[in-house]
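Each of the two blocks below gives one form of the same protein chain as structure tokens; they are labelled structure 1 and structure 2.
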Structure 1
Amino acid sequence: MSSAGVTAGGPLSLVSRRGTIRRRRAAPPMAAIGAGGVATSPILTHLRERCATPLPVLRRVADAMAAEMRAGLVSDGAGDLPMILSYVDSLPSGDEKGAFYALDLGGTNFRVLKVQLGGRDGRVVETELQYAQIPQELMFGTTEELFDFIASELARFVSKEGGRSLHLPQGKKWELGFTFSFPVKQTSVDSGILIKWTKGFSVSGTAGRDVVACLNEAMERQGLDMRVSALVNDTVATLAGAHYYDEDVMVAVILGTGTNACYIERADAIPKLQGLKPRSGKMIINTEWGAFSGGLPLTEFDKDVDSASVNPGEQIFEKTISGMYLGEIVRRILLKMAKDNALFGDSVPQKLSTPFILGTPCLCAMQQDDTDDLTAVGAILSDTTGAQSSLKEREVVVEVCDTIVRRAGRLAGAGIVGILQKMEEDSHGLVLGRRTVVAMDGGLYEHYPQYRRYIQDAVTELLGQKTSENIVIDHNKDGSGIGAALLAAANSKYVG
């Protein structure tokens, strides 16, 4: 394999649940991958070649990411990356006090949170949390239907708290940090126009509207004494939440259903920031790096996933590295192998033709299978696609999963280095050669050990052992909820 020796054990190695590489017991020669049949199919060979991410490819991607960031800071539309101004120019100081709410709409999951802040000594005194799921039909419904559902969940949460919410001073409203993880055009910290839906959402009538007004109006319809004080992306909220505890946090990356990254930029390095410069001299920039496409090693399968998507031609980086798509890329590869190479025998398993039948959590579960006969892989394939598989076929499936996940993780790592590189080029010594923390969150990052390791591998290969030791890639679970509440507090209407 040409991918810089990342799978140290070669095609017969698997990564165990503990993330260590172990060599599977040697299979009989005729059954071994590479000994004939499906395993050496041109499809698999071609796939490995096309998905390879040796150092020059990683470097090309990191360089392109840095260049696109720079272009996007000059003017909107100048490059692939929107480089959205967040208008978050003061991070929480630690002195914030009182009760604040946060609402996180990030994709399939949706959360409501109440945070009690106790100032510098008390910090986060108490948090209460409620999860909900956006019903599938609301992802394709109207704006009012979606926001009414969200506001009603919020009202349900508030009513469950009972009497504690009664201490609202006359004339005041509860303040809410609204984490909204879709691209918006902001002109202030408490307003933002939706540019477009992503991650499979296709709600009518929202694009071009202020999502803060949509939520404020829906909350009013529910009779809630609450208003939005800060509209933030989940990435921005994650950065704020992580930075509250560790001032070396400079970058935040989300790898969940979709993907995004943000970082702290110097105001004088943002040519498109017109008018008054922030007093802090800094602003968080939401890169919307899912839109990146420069220099990626793509295959026909990626192109097919893209053209069948609700947003063809857009969000190419997201479609290559994020949780929504990895399972679907693998499904398409397996379908082609089933049709052209009789993987799974003479007939093509019927369910294998169903889009999105194979989720990324299935890939992850299959890659954790360390039984000798790949029992879990067999069961997952049977459950999801109806395929009955031999050991040899299961090994091929695991190899396909690993090829796609390795590419994804390594490209995410290259993207992170691209951001660090851009920051370092502008201010030598700002991020490299000192401790710098990249706060990571999202279900894909949290649950997929191989993915995490591939990110780290790429960062180490690109920066070198010594420099990369100072770059701390740190899981910051659910920091965005507290981050959004903190930003509501930092931008409170009732302070100052």
Structure 2
Amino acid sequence: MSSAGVTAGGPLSLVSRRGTIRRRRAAPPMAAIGAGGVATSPILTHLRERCATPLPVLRRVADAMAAEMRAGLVSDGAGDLPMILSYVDSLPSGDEKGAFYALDLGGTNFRVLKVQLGGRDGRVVETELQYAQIPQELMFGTTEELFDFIASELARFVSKEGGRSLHLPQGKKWELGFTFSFPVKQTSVDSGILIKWTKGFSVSGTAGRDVVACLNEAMERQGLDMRVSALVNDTVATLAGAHYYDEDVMVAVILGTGTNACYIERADAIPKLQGLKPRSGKMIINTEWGAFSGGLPLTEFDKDVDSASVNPGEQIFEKTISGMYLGEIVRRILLKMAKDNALFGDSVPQKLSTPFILGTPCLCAMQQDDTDDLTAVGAILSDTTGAQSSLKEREVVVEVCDTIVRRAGRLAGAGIVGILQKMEEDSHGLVLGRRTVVAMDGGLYEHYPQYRRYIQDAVTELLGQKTSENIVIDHNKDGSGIGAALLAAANSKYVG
């Protein structure tokens, strides 16, 4: 599952003062680092080799992604990728009118929105928004306690703006789009069974139940005239929100703490879609691409991160490219270099042994440092790990950061091309030969300029300069909330 947030080190807000990528001198070969004066570092040399992503590696990853997508569309469990049916086959057209609500639950924080739609001429006329936080005790409480709290916050939001609400016709309910970013087996556009709680939640009695029914029942207990008409995850909602403004949007990718991607698939290319085919002939497929693992250039440090995780052997792509793990991979590399090559002198900084002490925002901030003596790099190393560093040592640290982030961004770019490649083959050339937009969201993508550049570089290398000009990678900030409300409108029970 994805999340639009960022790693445990805090929000990715440490960016360049001018928001640009500064070109500064490359770090020199690793010589005479640390107090002991190490001649060269085989660790850094090996890291560069193992993390390299030349064109053949990128092509291998893109091809493997496309192949796994096909396998997952045939049957569940046939490949790495679940390729989950979203049952979203009707995207907002722009003609929708009226007031619709959205509830976006992606973790301990959630938000409630009301969106007033004015049709093709007015589009989104007005948006009202409120944030709330799940109390710690409810993360370990009962299903009823959690959903009653969520419904009560929704009721409070409705009552606050109730004086400005339009009149609700007799016998009708307000419609709600529910963005629920936890593992769910979708059974229809407005129902889904919770597989398990993640992100620190351990609520009793919810697994195996329809989360929409849980919310609808809680809203009834609060006396709310409201029903869920669309259940989606954040990636699907992002695609819907972006597509509303630009009909060329065909793919959405979240790159934050976690990562995921979805895209618009032709119904006749989904063998496991049994029964009545959607009238639109299309459906959004939630790839859950974090589970991908084919052909990735991995190191011993990646394997150590995976082994120490709560889900060893799973979500390998996510652990290689997403914000939660990049800082931890770098920390493990620096710890190894400190122990074996005296990177920070004769002693190893004690805090460097603490898992996740070095967050991805720290990597981002260090890569934006353009001072001659890398002042910010030194300060971050000192503050987070206790390491006192020389200029050469800081240059080595920046090179390690860049090596891991370059690999991550380029692999994410290869994944995007894999999706586009699969769509291109099935459409017989109707995707890459025209303007096609990939909507992007998530703190990692938004705030890390080098990461963004590496994604674009990989896409350009794989597709070629001319074809890549047709592919627009567009940032769509916080689109999942409005997207959920738009899907509620598009799937309204009262239209017509």
Ligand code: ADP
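Residue indices: 1-based, along structure 1. What you see is a predicted model, and the numbers here were worked out from it, not measured in a lab. Just so we're on the same page, rigid core means the largest C-alpha set that superposes within 1.5 Å between forms.
Kindly point out the structure, among the two, that is the form predicted together with the ligand. Answer is structure 1, the other one does not fit.
Two rigid parts, two forms: what's the rotation of the smaller one against the larger between the two structures, in °? The rotation of the smaller rigid part against the larger one between the two structures is 14 degrees.
By how many angstrom does Glu128 shift at its CA between the two structures when the core is held fixed? That residue's C-alpha sits 2.5 Å away in the other form.
Core superposition result - C-alpha of Gly223, shift between the two structures, Å: The shift comes out to 6.2 Å.
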